[in-house]
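Just one chain is shown here, as structure tokens, and it is the form predicted alone.
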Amino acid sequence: MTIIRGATTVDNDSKEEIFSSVKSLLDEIFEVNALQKEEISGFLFSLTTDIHSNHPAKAAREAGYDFAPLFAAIEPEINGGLERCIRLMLFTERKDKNVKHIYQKGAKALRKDISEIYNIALDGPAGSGKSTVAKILAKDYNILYLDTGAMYRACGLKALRLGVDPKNREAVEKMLPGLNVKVEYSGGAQHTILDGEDVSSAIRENAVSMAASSISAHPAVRIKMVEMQREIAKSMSCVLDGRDIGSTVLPDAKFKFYITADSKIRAMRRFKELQERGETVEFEKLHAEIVARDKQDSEREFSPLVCADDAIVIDTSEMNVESVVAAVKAVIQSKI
């Protein structure tokens, strides 16, 4: 069972206003979560003591939401609490926890973290752990994780398959009109689709990583990808990680972090990851590649790897994942 939460306020204590507010809240919850009647187990409302003219459960029944048990309770009075507020817990049979909670009108102040659109930008060099942290944050805050690197990796894979040198700007630009990259979300995960094929696993190969670094240096490629990323970020709260998210892609992001670590430590993390996947690679060679990639990413002419002026720097060299996530969350919670 999954619980979807919601809340709203009423402008005045009238039967019509309470009916309208309850209906609006339920309508949006059902619409954004694509809920079906048969998925609903029950509705549990609570209301503040300054609401008398109508009962939210009755209003819900009158609005057509009478296909599951409806309950309501009066909240105890709290000094300084939100006035004329109606809260809801909607019980569903869904197993997927990735649902959208809805807070309307004055109730948005109760949960700014989910009622306002905001973006978290995580930049840093390869192997610093930013992608792992981004995925955890997205899950914990129930917002989208947009794997921007996967888009560039798909471009790199396309070039390799066509025999195009990722460093050859002219050849890459000729390839772009035929490039068909899509991002789909199912099962709570992002899937990268290249020319109709799910390449989510293929783009993680080491050769593709190097190709992605080279191909992402071309302005034409970055312009195309940045446009896609900005459109997604405008429509919903999300976490993005990359090289230039806070400096170029989303310069107005509410939260910006620069995640870094010593190059040898980053190389060892990558070395262990590849070993677990059954790939054979020499550590020294891998370290040299990471150093070369750092140099290439930071020295490229267009949108280089850079720490935004207003980003919080976190060095993960001596930190485990849990510590990094806690440090990032502490900053976010202090500003929400």
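This structure is a prediction, so every number in the text was calculated from the model and none was measured. Just count from 1 along the sequence shown to find any residue number.
Here the subject shifts to the form predicted in complex with a small molecule, a form of this protein not shown in this document.
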(Q) Even though the partner isn't displayed, in the model of the complex is R266 close enough to the small molecule, meaning a heavy atom within 4.5 Å? (A) no
Q: Using the partner position in the model of the complex, report whether R222 sits within 4.5 Å of the small molecule, counting heavy atoms only.
A: yes
Q: Tell me, yes or no, whether N119 is in contact with the small molecule in the model of the complex, where a contact means a heavy atom of each within 4.5 Å.
A: no
**Q.** Exercise: F257 in contact with the small molecule in the model of the complex, heavy atom 4.5 Å
**A.** no
Q) Okay, which stretch from 239 to 247, 175 to 183, 193 to 201, 258 to 266 lines the small molecule in the model of the complex, with non-hydrogen atoms inside 4.5 Å? A) 239 to 247
